[in-house]
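The data below hold one chain only, encoded as structure tokens and taken in the form predicted on its own.
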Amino acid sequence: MATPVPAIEVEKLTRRFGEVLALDQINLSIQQGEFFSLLGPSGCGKTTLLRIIAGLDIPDEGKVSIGGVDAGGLPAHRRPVNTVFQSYALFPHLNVWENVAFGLRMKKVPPPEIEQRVRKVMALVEIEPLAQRKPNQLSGGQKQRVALARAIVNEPQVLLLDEPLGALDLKLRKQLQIELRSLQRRLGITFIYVTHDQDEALVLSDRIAVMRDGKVEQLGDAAALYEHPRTRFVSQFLGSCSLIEGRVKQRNSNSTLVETTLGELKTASAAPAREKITLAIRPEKVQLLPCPAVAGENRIRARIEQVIYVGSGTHYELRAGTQPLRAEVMNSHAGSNSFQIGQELLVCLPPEALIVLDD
């Protein structure tokens, strides 16, 4: 059986702006029908990569293939991609229907086909009642739907989205995240999505490339990246982590005993072949045990320094000697969490929750 041709393939892509190396030998293969996110802080190179795929910028080195075809000689308007920007970029003098139809008219698609395709895509993103409105008569969420419709109506092989929900308020943003994921599944189009929002990337993506300083720091599906980050940067950028420095005391095939400032900690994974290592643990994996709980494996004494109520859960800032720790507890029922600032308690760091980092 033949291997499917990737929707986008990037090979050794490099882009410099003067002395700044924006992209450094990037290699990526994005599959047909995949929701793929480029995640990273400002300046990491994610938008530069998207612009090169779109044909809006030219790499200094490397190659971009779209559907197995080298796109190096193709200008932006001839590439089978469309881009949705954070700014929406709607034409203010055209109404919604005319904005959506604009690309098809430029391609000289026959009017009956334009009518059919515009009506279909407007129904898909639920903007039919807005057809005669101008952009200045729309809310932010409505403008975003129009921008999506205008891109989708051209039936691109790949849809590029550059932080399209960044200008929206939190509630609407979360609503549109779900709608966007559902839309992508119905269309079956490859989506490449640029964001610096970790939660957004986790909700939307089949796979995520975490970028840093022009390189891909780690690539994988959402669960793999969150549960098994390889570096300090990924562990702390994608969610929150407490980092614990230590020295390997004993190695086994499926566990490691580590000497730390908290005492001996056991992990449920093998450690790399070096003496000094860093452990990471997600705050929701940290277990709080009220005194007088019994001491035991991976149980340490700590003091609560801060309590932050966030509705669905409570965040605790802890300190065990000189080591800061974070814990999160779900507020599953009223009065379930009664820990107070200044309270001493035992903290359990389960061996299976301790991640051994590569750096």
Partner chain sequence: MKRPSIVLWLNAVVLYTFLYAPIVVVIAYSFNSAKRGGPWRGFTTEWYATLFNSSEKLSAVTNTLILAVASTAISTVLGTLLGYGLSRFSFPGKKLFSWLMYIPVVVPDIVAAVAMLMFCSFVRNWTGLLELGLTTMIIAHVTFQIPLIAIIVRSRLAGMDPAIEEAAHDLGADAWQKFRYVTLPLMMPGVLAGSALAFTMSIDDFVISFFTAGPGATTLPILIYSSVKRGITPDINALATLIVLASIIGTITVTMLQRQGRDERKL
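Positions refer to the first chain, counted from 1. Keep in mind the model is a prediction, meaning the values are calculated, not measured.
Omitted here: the form predicted together with its partner chain. The next part is about that form.
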field: Option touching its partner chain, based on a heavy atom within 4.5 Å in the model of the complex, out of 303, 315, 51, 299
entry: 51
query: Among 239, 135, 166, 283, which has at least one heavy atom within 4.5 Å of its partner chain in the model of the complex?
result: 135
- request: Answer with yes or no whether residue 140 is in contact with its partner chain in the model of the complex, where contact means some heavy atom within 4.5 Å.
  value: no
- prompt: So, in the model of the complex, is residue 82 in contact with its partner chain at a 4.5 angstroms heavy atom limit?
  reply: yes
message: With the partner left out here, check for me: in the model of the complex, does some heavy atom of residue 93 sit within 4.5 Å of its partner chain?
response: yes
- prompt: Is residue 233 close to its partner chain in the model of the complex, meaning a heavy atom pair under 4.5 Å apart or at it?
  reply: no
Contact segment among 104-112, 167-175, 195-203, 266-274, judged by heavy atoms lying within 4.5 Å of its partner chain in the model of the complex: 104-112
message: If the criterion is a non-hydrogen atom within 4.5 angstroms, does every one of 228, 251 and 278 touch its partner chain in the model of the complex?
response: no
field: Stretch 56-89: residues contacting its partner chain in the model of the complex, 4.5 Å heavy atom cut-off
entry: 56, 76, 77, 81, 82, 83, 85, 87, 89
